[in-house]
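Next up: just one chain, as structure tokens, the form predicted on its own.
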Amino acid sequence: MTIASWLLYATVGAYTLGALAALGLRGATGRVLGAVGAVTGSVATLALGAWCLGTDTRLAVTAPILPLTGLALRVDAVSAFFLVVVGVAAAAASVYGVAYSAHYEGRYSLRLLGVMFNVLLLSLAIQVVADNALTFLMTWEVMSLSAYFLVLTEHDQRETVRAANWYLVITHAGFAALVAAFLLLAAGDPTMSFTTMRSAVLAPGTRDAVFVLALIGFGAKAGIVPLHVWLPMAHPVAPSHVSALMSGVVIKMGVYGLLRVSLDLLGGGPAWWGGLVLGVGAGSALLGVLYALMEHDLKRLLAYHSIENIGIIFMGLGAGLMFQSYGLPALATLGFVAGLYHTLNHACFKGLLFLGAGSVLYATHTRNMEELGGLIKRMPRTAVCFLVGAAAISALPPLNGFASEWLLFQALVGGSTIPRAEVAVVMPVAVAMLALTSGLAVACFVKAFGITFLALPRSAEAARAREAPLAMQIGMGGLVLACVALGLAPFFVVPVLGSTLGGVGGLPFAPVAFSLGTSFRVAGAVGQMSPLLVALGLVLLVGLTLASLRGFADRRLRVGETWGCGRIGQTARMEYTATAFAEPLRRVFAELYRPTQHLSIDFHPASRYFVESIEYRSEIHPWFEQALYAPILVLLRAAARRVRRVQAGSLHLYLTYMTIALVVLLVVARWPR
């Protein structure tokens, strides 16, 4: 048995034992042992992916578990990369969850939480190595249902139930599209292996239909606009380590699926495939960050940023598909590499941010930023971790978000070489949208960090906050190291990603050219970047500043109040609020937000010249979502009322229905083709 086989069996065994421990043991013992299984399985998943990538190992396993074909698994380079993504985020979330889930004890079912958490991790690991349609679709369904039960952990909250239902409906609508796509791809044979699908010859119309269905199905899971509606509902209400996992990994299954089907199984397509993915990605990125700017719920803000970053990833995939269709393999590889690099980076910094938000929620019991503030003194380690995540997602050098977005900029700028002018002109527009998205993300995280961690506490809960437990700090700390390492070492990561894509969809096997050292240059790019020099420059700047202060400044310690415009006492009411911070941008994008305003003034009964109280409310409703989904809901409810008549409460009638259905199925099955 090879090392890769051992690691695969260790992954499956650890998750299974973790689920059984959580199911069979009560209280803290079951919680801890369930977490041990999750951590062990995650480490094995990470090791399996890294081993296969590092040694160029391929692994194929078939187990007689599923009917018809059994469980067909195959680890190739693309699978190995996504195993690494799953392993990194899952390991951090699992360690964090050991302590975080303790506050659910006695309130909600830890047994269900532990079982479903391990099942979700197992399904994620199996998902990316599935090697036929049946295995892929069944694992996809297990992943979706286990995530649904995890979102539903706080099931007594109305907001939670609503979010879980939306997630269930959208994910199953996407699943129906995926079933149709795979049936078309496999000519009606769900047991067909991916290897056979790659060699199948499909009519152009069928290929287009498969691509569109795959984009809908995987896009619903990824949370691209307009299929994103479940994401800002589900991520905030789930336990925070589950939110980190859903944002960092679960939505990435949409990225994996689209890459596997459009590039690997279909081998790429016409230019409009890439243009559609690029356009959807750019729209998702911009709308996601614009809605995030208006959010005061810390976890909902992060959820909207997941939409933004999925959009950025899709921009990379779209650019890659477009370049491939025009026979520009170097630029195509650069686009795909940028998308994959940002996939890994987003799993790290978004997982870190959700874990940081979870620590804030754990300590203050609120997600409302208007009730926070001053946490940097009470939770300094959490504040530092959140700051690193905020800088990374804002694409500030030398962290990992900067490296991948720089690659994407390079790929899009290279779009000027596309031979058709009407297509090439689209690329500068995409560059501008990416630049605008990055700038707005910086503004949003200045607000998120400043309002949450700086200034004075705005509530008693924030004033009494204490640092998160050690296990939660370890989980965040691991992702901080990953963000720094991935930002400083693109000269190591990019060639690995380039070799991962070698041969997939006709991309060249030649390694991506790069210069190892302080300068980093990629084939096809028009510029070069040096993350190491950027980091050294920052360290030098900080060192010179400190040295100057030490050498020339007055060393006497002086303690004084912050200047407050002449006021003597400073209170939290004088602070800049999240609403005030976002007000200028709300005015600029008023046509998009369309805020509603309500002003109520109560006058003194004796005279209307004396005001007793003034109440001002301004709310932003996502009109885009309402305009799209409200008519659909009206139609569905009308149809449900009609269908409800079928439910008469008669057992005889139900048996009649079943008999008719069986007869119809038998006729269809025996119908001559």
Partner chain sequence: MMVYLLEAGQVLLALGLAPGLVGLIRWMKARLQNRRGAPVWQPYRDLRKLFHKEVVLSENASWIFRAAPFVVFASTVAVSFLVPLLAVPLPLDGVGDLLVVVYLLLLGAFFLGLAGLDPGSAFGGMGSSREMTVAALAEPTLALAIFALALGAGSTNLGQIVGRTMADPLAAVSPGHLLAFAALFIVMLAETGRLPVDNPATHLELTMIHEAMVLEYSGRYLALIEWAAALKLLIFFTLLGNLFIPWGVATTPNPTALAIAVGTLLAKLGILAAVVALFETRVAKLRLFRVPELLSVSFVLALLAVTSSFLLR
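Numbering follows the first chain given and starts at 1. Just so we're clear, the structure is a prediction, and the values are computed from it rather than from any experiment.
Absent from the display: the form predicted in complex with its partner chain. The rest refers to it.
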{"query": "All of L33, V78 and T191 with a heavy atom within 4.5 Å of its partner chain in the model of the complex", "finding": "no"}
{"query": "Heavy atom within 4.5 Å of its partner chain in the model of the complex - the one residue of M574, A187, A203, L481 that qualifies", "finding": "M574"}
{"query": "In the model of the complex, the residue from I126, L440, M294, L266 that sits within 4.5 Å of its partner chain by heavy atoms", "finding": "L440"}
{"query": "E591, heavy atom within 4.5 angstroms of its partner chain in the model of the complex", "finding": "no"}
{"query": "Any non-hydrogen atom of L412 within 4.5 angstroms of its partner chain in the model of the complex", "finding": "yes"}
{"query": "In the model of the complex, V446 touching its partner chain (heavy atom, 4.5 Å)", "finding": "yes"}
{"query": "Contact flag, T562 vs its partner chain in the model of the complex, heavy atom cut 4.5 Å", "finding": "yes"}
{"query": "Per-stretch contact check against its partner chain in the model of the complex, the hit in 309-317, 575-583, 295-303, 84-92 (non-hydrogen atom, 4.5 angstroms)", "finding": "575-583"}
{"query": "Partner contacts in the model of the complex for 547-574 (non-hydrogen atom within 4.5 angstroms of its partner chain)", "finding": "L549, F552, A553, D554, R555, R556, L557, R558, V559, G560, E561, T562, W563, C565, Q570, M574"}
